[in-house]
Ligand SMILES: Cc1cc2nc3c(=O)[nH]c(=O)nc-3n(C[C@H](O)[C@H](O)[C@H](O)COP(=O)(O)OP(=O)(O)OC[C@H]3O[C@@H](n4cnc5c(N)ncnc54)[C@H](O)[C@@H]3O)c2cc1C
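So this first bit is one chain, no partners, the form predicted on its own, shown in structure tokens.
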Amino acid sequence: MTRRVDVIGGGPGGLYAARLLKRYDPGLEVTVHERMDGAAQTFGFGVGLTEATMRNLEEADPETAARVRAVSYAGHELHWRGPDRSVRLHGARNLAVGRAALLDVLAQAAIEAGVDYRPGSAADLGTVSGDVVIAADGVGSATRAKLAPDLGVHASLGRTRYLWCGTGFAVPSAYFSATARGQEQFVVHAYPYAADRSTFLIEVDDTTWAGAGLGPFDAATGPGQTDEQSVRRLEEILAAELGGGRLLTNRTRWSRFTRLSLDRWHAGNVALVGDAAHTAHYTLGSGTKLALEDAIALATALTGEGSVRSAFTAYEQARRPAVRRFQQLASRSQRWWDSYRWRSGWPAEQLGLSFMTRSGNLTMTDYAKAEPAVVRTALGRFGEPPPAAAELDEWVLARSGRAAPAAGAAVDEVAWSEPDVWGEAADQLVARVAAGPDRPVLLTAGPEPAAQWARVDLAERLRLQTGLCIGVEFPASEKGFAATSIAAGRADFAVFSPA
């Protein structure tokens, strides 16, 4: 079995994999190469961690998990801040930690385990010689670029742009908000990660990007620099939320999210972890989680299998299902934010219900059990007081039936199963429907789960952009999904096919 391991990249995934390998097999020689020399501040501000992630860390390495928890900022709720009121999305179930503090904990834990940690080491595949190489060099991975023909790389850019900043104060709770300036909309994703710090991510769509004149500012910003002109403009626009204060920056500039997946996470003696292997949209807060859990699976496989090849195979088999699921959830969350402009005039409670059910991880009933007042108010648009959570699905379906076309009425049926509801084919369909007769549209296709979500996502787009009555065909077994889709404003009515 392997005796020497080189880790390229000293982020959370690389450091934690190194720590666990030495902890599981002290005889290994493990070296972490981190290109930053320690004098430069690490990129980023706070990162989010769920209790599920913390339980995984505690099971793998209780000592390090306790240290991470000790430097984390726990217990913040999540709110939607509307222009006239704030709505609670969920209670205090998450924690956050400064990225620099997390890296300090993980680096110290690795060193104490006997890892050779080398800050300032700009290593690559041409300079390392370990029996195993772990590539933890992030979304811009040079390792992945070199091995691309063997890995099967699939990458696409998001439709919106975001800027990652911080504030010199802790917001009372995590929240989302949107500040409008004419046709421009500046969406804020904020959460506290220390007693005197918050992450403050700002997102804009193409309309805002052009209207606010942000493109020239971005073009004038050199590599590794902060876009000071954009930051100053955002401080003016968001002055009320910032209390007139300044945004904290750290190589802060506009980015578009890269959705990345690989056919294989390894080639030869090299395995990739974290963002080097896959990405999940930041609105689900799962990037650090996935990297740490990759590290656990890879370290377990490397110390439990008889060969590098079998270890890498076991690693992928263990991790791919969970990563695939998170990417699917995160992609739905990304699409929700991509299309936020068309929902921006909704009441806060309706936005809250739509947001909390956007990825498919929660149903309307789930959310109603946690936040009954929010759901009750959101469903007020049906004109009648809703019942208890346990009876909501049938109640919503009964009321949505009033929007369904009468038997024999003209309906345009469209079969749809493509996952990309913002691509060229979907653009053409939306334009055709918008230009066609003013009558209901029913989206039909097969029963596959991915196709169901594609139909619902396209229905929402059609509903938002054309104003027509849009229905979706669901399997008879998916009444909860159908009711949630209608309650959240993704469709007007449901038609059920035989089970």
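Position 1 is the first residue in the sequence shown; the rest follow in order. Everything numeric here is computed off the predicted structure, so don't read it as measured data.
Heads up, the form predicted in complex with this ligand isn't pictured, but that's what we're talking about next.
- Quick one: which of 311-319, 229-237, 133-141, 324-332 gets within 4.5 Å of this ligand in the predicted bound form, going by heavy atoms? Every other range fails; the passing one is 133-141.
- Item | Contact of R35 with this ligand in the predicted bound form (heavy atom, 4.5 Å) | Within the cut-off, so yes.
- Task: Determine whether any heavy atom of M54 comes within 4.5 Å of a heavy atom of this ligand in the predicted bound form, and answer yes or no.
- Result: Outside the cut-off, so no.
- Task: Would you please decide whether Y73 lies within 4.5 angstroms of this ligand in the predicted bound form, comparing each non-hydrogen atom pair?
- Result: Close contact is absent here: in the predicted bound form, Y73 is far from this ligand, nothing within 4.5 Å, heavy atoms only.
- Task: Determine whether any heavy atom of G166 comes within 4.5 Å of a heavy atom of this ligand in the predicted bound form, and answer yes or no.
- Result: Residue-level check for G166: no, no contact with this ligand.
- Message: Since the partner isn't included here, can you check whether this ligand sits close to all of I8, S121 and T288 in the predicted bound form (heavy atom within 4.5 Å for each)?
- Response: Verified in the predicted bound form; spot residues all in contact, yes.
- Find the only residue in W254, W80, Y282, W337 having a heavy atom within 4.5 Å of this ligand in the predicted bound form. By the 4.5 Å heavy-atom cutoff, the listed residue in contact is Y282.
- Message: Exactly one residue in Y175, Y162, F186, W416 has a non-hydrogen atom within 4.5 Å of this ligand in the predicted bound form; which is it?
- Response: Of Y175, Y162, F186, W416, the residue with a heavy atom within 4.5 Å of this ligand in the predicted bound form is Y162.
- Item | Contacts with this ligand in the predicted bound form, stretch 362-395 (heavy atom within 4.5 Å) | Heavy-atom contacts within 4.5 Å come from no residue here.
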